[in-house]
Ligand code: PEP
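Only one chain is shown below, in structure tokens, and it's the form predicted alone.
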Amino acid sequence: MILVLQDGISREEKGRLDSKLEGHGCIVREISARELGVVGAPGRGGQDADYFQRLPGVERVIPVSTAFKLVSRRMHPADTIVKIRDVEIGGGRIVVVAGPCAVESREQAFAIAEEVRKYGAVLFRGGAFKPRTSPYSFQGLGVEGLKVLAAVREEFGLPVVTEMTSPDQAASMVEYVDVVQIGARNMQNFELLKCAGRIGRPVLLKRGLSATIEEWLMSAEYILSEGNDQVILCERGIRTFERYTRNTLDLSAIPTIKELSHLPVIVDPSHATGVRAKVAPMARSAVAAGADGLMIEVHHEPDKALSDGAQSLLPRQFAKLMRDIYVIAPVVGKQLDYAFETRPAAATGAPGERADQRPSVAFLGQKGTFSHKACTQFFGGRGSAVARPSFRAVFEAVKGDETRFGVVPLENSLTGSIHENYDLLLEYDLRIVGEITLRIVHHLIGRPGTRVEHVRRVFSHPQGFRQCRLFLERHPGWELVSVTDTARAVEQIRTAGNPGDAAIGSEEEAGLQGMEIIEEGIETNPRNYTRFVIIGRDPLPGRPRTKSSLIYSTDNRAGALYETLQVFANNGINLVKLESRPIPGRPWEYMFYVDLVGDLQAPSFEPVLSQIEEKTDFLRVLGSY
């Protein structure tokens, strides 16, 4: 049950209440400053809700009717983010765990780790202790396998995941690995679960071969009841009557878990299907269904694998799958990051610098805006996000060394370029050092109980109005009020308290302000994407650069622009964007902004830049990223 405490309760009163509850066999978990989650341990306590209601400092009691308490979303409404070194599972990124079923040798593990990291995996998996159906099958290298995994982490910077099959292995797990996996066959090995809850490592808990969702969550409850809330659930298929696949992948478990529990959930399509050709389709489906990540088996020589070679992807197949997921992820509001391991140092600033000493990233508006989402998804929550009231203020923050980076939108797939930011790129001597694309889903948001027929006035950023043009045209009587960002629009209707006010904004903004969604998905076209760029003084270190942006002007004569474009064509360079902007103070003369495929700052591009320079009056490379 959940106890909601009275306003003004002191820490001393709260401490006495904690002691009384623990004396009744309850496990105490604090949810917020005013709410205290209380779980009755099975077979202990013996008091009803009325007893707890009468305790000093308790305002009301909310029963939690499910058998699982600590893993319940009622007990913990916010999503849990599991942190494994610099990797976060359960946030805005699709996290991919990849590697062989079993560690066979140092050479094998290193060869596969190099491949999967190159294509975007951020954790490495590999079995050292292998529970197998047959006692004659390969059982793993044991502790020697754990040492190989630790060496992989040191060499490639990938945190490692492996299965623990006995409490006797706990000390070795703590010494060598980052995430302890509890396999499907051990999902209800309760002594093992309790041990995993005590060793202080994140736990990846696979669903049992024939387990119900409730049984699965109850197994997670064992781990949380030992004090470890860093648990990742892994759907890996269940045993059914179907024989064309090894198991049946229960994708419906993903939204079900999201509704019932706050824990992140990933999917293992390799064990679910047991067939290499079926892994990629089910991985794509899992992302579309809302999974927080994937666990994929990869082997460079699957025909020689000592375990599960038939379901292991070749590196080139893994590379294609990652490209597919990169495209799918923004549709469900997430990102797949190809250069994850280069981000932490860039985001947190100079060596030894504390996050509270220097904010890292400036963005427009406040928490909950799409700019804020772009900031947190690109930097993974490790950079300190700093709100600024205007785009110019974002540029000023980076120029003035207040922040290390800034995040600004450059173009939208429905309304085109954000010209103000193109002009600011020309004005400020800063670089584009990265980019991220978000799908923008707008909702009509109002106070609780507000319906469409009540609305008389709508607040939003001007871009929000433009992107929802067709919806707004159906309501010509509404007054449209522009504000600096969509989060401020939602805040405005909350503070004003006018039942006729509504705002256009995101689901996250509505939730943060306690408002309700009146109409979902009101943008003119569902293929509504915004491209954000990361601006900074210096490029991100170690990051691959596959795209460049530049700006130039030419003589005001016939064919001048064509001559520059011919240079790109003759050198086989693909232009992906060309846009003109007026030159301030020079009527009918223009600057040209160009995006192209390739790293213009690489030595091989020097001849191309020289040729462009000869044919332009002004040239600046805005960045390669």
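In this text, residue numbers run from 1 along the sequence as written. This one's a predicted model, so the numbers in the text were calculated from it and none came from an experiment.
As for the form predicted together with phosphoenolpyruvate (PEP), it is not shown, yet the points below apply to it.
- Contact annotation: of the candidates V455, I257, A184, L425, the single residue with a non-hydrogen atom within 4.5 angstroms of phosphoenolpyruvate (PEP) in the predicted complex is A184.
- This chain appears without its partner; in the predicted complex, the one residue of D292, D268, E509, D485 with a heavy atom within 4.5 Å of phosphoenolpyruvate (PEP) is D268.
- By the 4.5 Å heavy atom rule, the three marked residues R388, H461 and E491 all fail to count as contacting phosphoenolpyruvate (PEP) in the predicted complex.
- Of the candidate stretches 169 to 177, 531 to 539, 464 to 472, 184 to 192, only 184 to 192 has residues with heavy atoms within 4.5 Å of phosphoenolpyruvate (PEP) in the predicted complex.
- Residue contact with phosphoenolpyruvate (PEP) in the predicted complex: R236 places a heavy atom within 4.5 Å of it.
- At least one heavy atom of E163 is located within 4.5 Å of phosphoenolpyruvate (PEP) in the predicted complex.
- Shown alone here, K206 lies within 4.5 Å of phosphoenolpyruvate (PEP) in the predicted complex, counting heavy atoms only.
- Using a 4.5 angstroms limit between non-hydrogen atoms, H299 is distant from phosphoenolpyruvate (PEP) in the predicted complex.
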